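Okay, so we've got the same protein chain twice, two forms, each given alone as C-alpha cells, structure 1 and structure 2.
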Structure 1
C-alpha cells in the first residue's frame, strides 16, 4: 500500500489532533496516510512549502498564524480564498500550489451538528478578525445572517474584514469595534442571537483565560460557538453554560474542515463521526 504524505504548517502545534483525524479518514478507504505537523517560524514559511513539494507531499493544512501569510507563496486560489484572503488547505498538483478554504464549510456543519439556532435573519457578534474569523463571517453571510459585529484588538483589522464583504453582501449590517470597547459589547449581548469566538485566548495550556468578560445582562436565547477545541470546554463556554446559554466547542469544526480538506485532496468524503470519535479519545 502506497503511503500518502500530508502535513500541517503552523506555530505552535503542540495541541494538534489533525494527524489522527486524517489517519482515520484514510483507513476508511484503505489508504495509508502519513500526516506530519511542522512547527515553522514565519521567515521559513516559503521554504517549508517548497520542501513539502520536493518531498512528494499530496498537500497540507495551514493553521494559526499563517492562513493569510501563506497566500504569498501559492500559485492558484479558489474563489472563496480570493474573497477571504485566507486558506487552510493547500494541494500540490503539477508543480503548482493550489489554495482552498474548508473552514467555513466545517463551521456550518459543526454548527448544525451542535443543534444551535438557524442563522438566517439572526444577529451575530464575532470575536477576532484573523483568518478563521474570515471563514466564519463568510459562513454567516452565506447563511443569511442579518448583521455581523466584529470585535478585535486591532479595530482597523476588524473593519477590513467587514468591508471585504460589503460589496458582495450589501444588505448585511456590519460594524467593527475594539475588543476594549466593553460598553458596546455589553449592550450588544443584551439582544444578539449569536456569539462566536475565534480568538485563541483560553486554548491549552492557558485554559484559565478568556478573551472577553461576560456582562451581567445577556440575551437568554444566545447561541455560543468557541472555535477552540482543546480544552473541550473553555472557561468562556463554562461561564455561559452556567447561565443557561446553549454552547459548543470547536472540535466539530476541526473534524468537518479536515473531512472537507481530505475530499479536496482525494475526491473522497470520509466519515466525520469516526474522525470525531478518534479525536475525542486522543484529547482524553
Structure 2
C-alpha cells in the first residue's frame, strides 16, 4: 500500500487529534496515511512549506497562527480564501500550492449534525473576531442568516470582520461591539436565535472560565455552538444547557473540517462518524 504524506503547520501545536482523524479517514479507503504535525517558527514558514512539497507530501493543514500568513506562499486561492484572507488546507499539485478553507463547511455540517435550528432568516450573535469567527460568519451569511452581531475584545477587529462581508452580502444586517458592552449583549440575547462562541476562554486547562456572563433573560429557543472541543462541554455550554438551551461543542466541526480537507486532497469524502469516534477516544 502506497503511503500518502500529509502535514500540519502551526506554532505551538501541543496536543492535536488531526493525525488520528486522517489516519482513520484513510483506513476507510484502504489508504496508508502518515499525518505529521510540524511546529514551525514564523520566519521558517515559507521554507517549511517548500520542504513538504519537495519531500512529496500531498498537502497539509495550517493552523494558528499561520492561517493568514501562509497565503504569501501559495499560488492559487479558492474564492472563500480570497474573501476570508485565511486558509486551513493546502494541496500540492503540479508544483503549485492551492489554498482552501474547510472550517466554514465543517462548522455547517457540525451545526446540522447537532440538530440545531435552520440558519436561514435567523438572527445571530458571534463572540470573537479571529480566523475561526471569519469562517463561522461566512457559513452564516452563505446560509442566509438575517443578521450577525459580533462581540470582540478588540472592537476594531470585529468591525473589520463585518466589513469583509458588506459588499457581497449587503442585505444582511451586521454590527460590531466591544465584548464588555454588557447591556447590548443582554438586550440582544433576549431575542437572538443563534449564539456562537469562537473565543478560546474556557478551553482546557482553564475550564472554569467563560468569555461572557449569561444574562438573566435569554430567548428560550436560543441555539448555542461553542467552537471549543476540549473540554467536550464548556462551562458556557453547561450553564446554557441547565437553562433548557440546545447546545453543541466544537468536536463535530473539527472532524468535518478534516473530512472536507481529506476530500480536497483525495477527492473522497470519509465517514465523519468513524473519525468522530476515534477523536473522542483519543481525547478521553
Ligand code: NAP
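All values derive from a computational prediction rather than experimental measurement. Heads up, when I say rigid core I mean the largest set of C-alphas that superpose within 1.5 Å between the two forms. Residue numbers count along the first chain shown, from 1.
- Each of the two structures shows the same chain on its own, and it is structure 1 that derives from the form predicted on its own.
- Once you line up the core between structures 1 and 2, the Cα of residue 113 stays within less than 2 Å of where it was.
- Relative to the superposed core, residue 224 undergoes a C-alpha shift smaller than 2 Å between structures 1 and 2.
- Core-superposed comparison between structures 1 and 2: the CA of residue 170 stays below a 2 Å shift.
- The rigid core superposition between structures 1 and 2 gives a CA shift for residue 49 of 2.7 Å.
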